[in-house]
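Shown here is one chain on its own, the form predicted on its own, set out as structure tokens.
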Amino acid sequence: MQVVGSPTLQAFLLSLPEHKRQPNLFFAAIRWVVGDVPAANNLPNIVENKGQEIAEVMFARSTQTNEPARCAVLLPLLASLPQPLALLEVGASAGLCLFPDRYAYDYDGTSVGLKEDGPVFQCSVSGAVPVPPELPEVVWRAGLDLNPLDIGSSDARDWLATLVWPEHAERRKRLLRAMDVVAQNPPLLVQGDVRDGLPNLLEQMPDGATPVVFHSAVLSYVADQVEREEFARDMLARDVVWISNESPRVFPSITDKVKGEPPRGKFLLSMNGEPKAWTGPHGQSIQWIDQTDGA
């Protein structure tokens, strides 16, 4: 409401390219510049005095939240595939979601892969979610991103932590623990987009492993719907397992296969173009879609 009612804040945001007017990027940049969480009524004053610095941060960085807890909603699908797996993530950021086999999970009291050296992701379940008895086996992992982040860099770690909403203290704590896990053995991360970088990485996937291409909360940043659908057709034409965890608006052709309106605030998890579950955007819940509910 502070932004809506402030001509100063509106003018500042309108001076930026449309793809940079993201709330999370804006507020994270303010926190990055001032070093703390300012009072809402002080935002216009901060922008008036430090607008140039804030804009520079917003131009130089992006909302690469890299929420590792999303592995909790990916895990049932990954564990259901023939093992071992070769994982390739589109929009990998620092690669935290490439390590579903190194984290621990709690599905409403059912523990999977409890370990002492990593975070535990809580995920509420509803419906016939196939919670796996054990973690998948991953023998190869790589990520593609327009701006891959080095998890060994304190700057990258601090920025990822800053992108977490201030009131989400537990999320931030889990993020820091996940970064420690990944820092022990960072994955291969390649700079590029899906058109230029993906084919080369696909060729590097090893024989003898199930090839999986996945992404979560990434394709919504591709504004062109035609380009999104071209990506979907390309994935379905390849000899890979394609897992998508995105807003229902990203792939209408998949969303239309489920009867009724999408639950508010949920992502749609699909595999090879078939809807599987509604998921919490931070991996906090998974609601399995009954096959009889399909369109």
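Keep in mind that what you see is a predicted model, and the values were worked out from it rather than measured. Just so we're on the same page, rigid core means the largest C-alpha set that superposes within 1.5 Å between forms. All residue numbers are counted from 1 along the displayed sequence.
Keep in mind the form predicted together with a small molecule is missing from the figure; the text below concerns it.
Participant: At 4.5 Å between heavy atoms, is Gly192 in contact with the small molecule in the predicted complex?
Facilitator: Contact check for Gly192: yes, within 4.5 Å of the small molecule in the predicted complex.
Participant: I'd like to know whether Ser270 contacts the small molecule in the predicted complex, with contact meaning heavy atoms within 4.5 angstroms.
Facilitator: No, Ser270 sits far enough from the small molecule in the predicted complex that none of its heavy atoms falls within 4.5 Å.
Participant: Does the small molecule get within 4.5 angstroms of any non-hydrogen atom of Pro136 in the predicted complex?
Facilitator: The answer is no: Pro136 has no heavy atom within 4.5 Å of the small molecule.
Participant: Using a 4.5 angstroms cut-off on non-hydrogen atoms, would Asn147 count as touching the small molecule in the predicted complex?
Facilitator: Yes, Asn147 sits close enough to the small molecule in the predicted complex that at least one of its heavy atoms falls within 4.5 Å.
Participant: Tell me which stretch of 138-146, 76-84, 180-188, 107-115 has a heavy atom within 4.5 angstroms of the small molecule in the predicted complex.
Facilitator: The contacting stretch is 138-146.
Participant: Could you tell me which one of Leu198, Val212, Met205, Val218 places a heavy atom within 4.5 Å of the small molecule in the predicted complex?
Facilitator: When the small molecule is considered in the predicted complex, the option within 4.5 Å is Val218.
Participant: Pick from Ala161, Val131, Val222, Val120: which has a non-hydrogen atom within 4.5 Å of the small molecule in the predicted complex?
Facilitator: Only one listed residue qualifies here, and that residue is Val222.
Participant: So, does Ser270 move by 2 Å or more at the CA between this form and the one not shown, with the core held fixed?
Facilitator: No: Ser270 shifts by under 2 Å between this form and the one not shown.
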